[in-house]
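Take a look at this single chain in structure tokens; it is the form predicted alone.
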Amino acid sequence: MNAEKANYQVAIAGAGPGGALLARELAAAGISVAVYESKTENALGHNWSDAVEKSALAAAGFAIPDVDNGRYKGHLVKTHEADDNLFEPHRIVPLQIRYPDLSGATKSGVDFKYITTDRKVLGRRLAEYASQAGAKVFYQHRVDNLIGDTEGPLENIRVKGLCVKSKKSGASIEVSADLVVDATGYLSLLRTSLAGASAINRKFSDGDLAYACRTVRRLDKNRVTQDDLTDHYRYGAFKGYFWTHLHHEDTIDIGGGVREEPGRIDPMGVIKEMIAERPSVTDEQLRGGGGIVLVGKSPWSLVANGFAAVGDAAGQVIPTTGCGVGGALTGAMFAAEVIKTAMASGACTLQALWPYNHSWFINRGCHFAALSALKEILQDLTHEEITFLMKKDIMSGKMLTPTINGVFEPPDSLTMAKTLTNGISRPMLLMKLNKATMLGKKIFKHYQNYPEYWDAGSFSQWMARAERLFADIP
């Protein structure tokens, strides 16, 4: 039996934050859009609240609530854990940074530029907004493969659609589209199938991945004053970090993530220890979960002829925290503007889509790439080494503020001099720190020189230089 046929200007695989926001923006511009999502509508979004960059949410059209007496107030703010609003009322200012060995904390905290956002509410609202704008959202539809010329170097790729299968009826659908967008998450099911196009098809593995989990627990309000419930990151612990974040006076989020590698520690074991040390944290779990989290950099290109990637599929994730919603929203907004222009010009060619590459890499990708290199080098420091750097105010709250907020900001000359003075007793450790900083600076500068227009020769040279820089990571 022949497969059913469908035709849209844009077909998006995945209704996560990046895919849904992109669909909303394109549909609102009068472009015919179909979104194919393998989950049910009720299964969209993780069953917890995540830290999301306020700037990215605001750019996507969400009103950031006002602050009243140190808490968020407004119509989008939750009044209790289970209501249908978007933001948790608790404001994290500042975020305390504790030593990995828990012997102390940095002298100053981190200016936390995130707001805690309910992922299920965000997922549902973005999908609803896409539908209201005119996009067709098909749930329980599995994307199997691309249609078109999908083998060969980047310039030879010609994506013309995708094959989809209904998980309910079993029917196969051939979807023709001027543009196919991969928003399938870190597995990047479509992007990685572009055989031979090494500029775009890299799979995420090894240091690109972390394992994270969390539990949102009810608090015994009669015992909270006796407990340590300070918002904090235990930064650098076990090649990752652990946290406690209050949501309401009677709920707390406790979690952590570590590098995904053989022999890694089970973060849930550490989380259980954290709970055992806080008698006010009850056994009543309200939300939670976990799994693989992307902490890697973008592939060298996010586009090909008739193809683009957004969100985790495009590596649009802060490597030092694993926070990916803000990057997905930002990437979707960049992509939307370029796609609208390409559609108006009549073709989603590699040349027409290339400005999305340029916008992403010179604005956000340069920061994420530099932080990715920084993470890879510093992640191998021991608890003792990181604790030394924090005690000496070398790895300070001021220094960690941009890093945790997804911004690469190399130290100025005054900070470098202070680092040398405070760390003079550990020259080998300072050499590691200096190597990480210098390599990050080189990568950041290189990404800011990302080719503005598609040209096979200049892009090949840029890519070769980027590969050499990352090959310098020990």
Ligand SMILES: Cc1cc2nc3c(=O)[nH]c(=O)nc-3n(C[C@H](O)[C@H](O)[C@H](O)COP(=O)(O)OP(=O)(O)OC[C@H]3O[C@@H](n4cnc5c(N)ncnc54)[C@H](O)[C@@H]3O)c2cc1C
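When you see a residue number, it is the position in the sequence shown, counting from 1. Not measured: the values here are computed from a predicted model.
Just so you know, the form predicted together with the named molecule exists too; it's not on screen, but the next bit is about it.
- Only one of the listed residues (Arg202, Lys239, Arg119, Arg98) places a non-hydrogen atom within 4.5 angstroms of the named molecule in the predicted bound form, and that residue is Arg119.
- Checked against the named molecule in the predicted bound form, the candidates Val293, Ile394, Met274, Val258 yield a single residue with a heavy atom inside 4.5 Å, and that residue is Val293.
- For the chain shown alone, Tyr447 is not a contact residue for the named molecule in the predicted bound form, no non-hydrogen atom being within 4.5 angstroms.
- Proximity of Val159 to the named molecule in the predicted bound form: non-hydrogen atoms within 4.5 Å are absent; the residue sits far from the partner.
- In the predicted bound form, the named molecule stays beyond 4.5 Å of every heavy atom belonging to Ser301.
- Under a 4.5 angstroms non-hydrogen atom cutoff, the named molecule in the predicted bound form lacks Leu179 among its neighbouring residues.
- Proximity of Asp208, Cys366 and Gly440 to the named molecule in the predicted bound form is absent: no residue of the three has a non-hydrogen atom within 4.5 angstroms.
- Between 148 to 156, 170 to 178, 308 to 316, 220 to 228, the stretch whose residues reach within 4.5 angstroms of the named molecule in the predicted bound form through a non-hydrogen atom is 308 to 316.
- Residues of 321 to 342 placing a heavy atom within 4.5 Å of the named molecule in the predicted bound form, in sequence order: Gly322, Cys323, Gly324, Val325, Gly326, Ala328.
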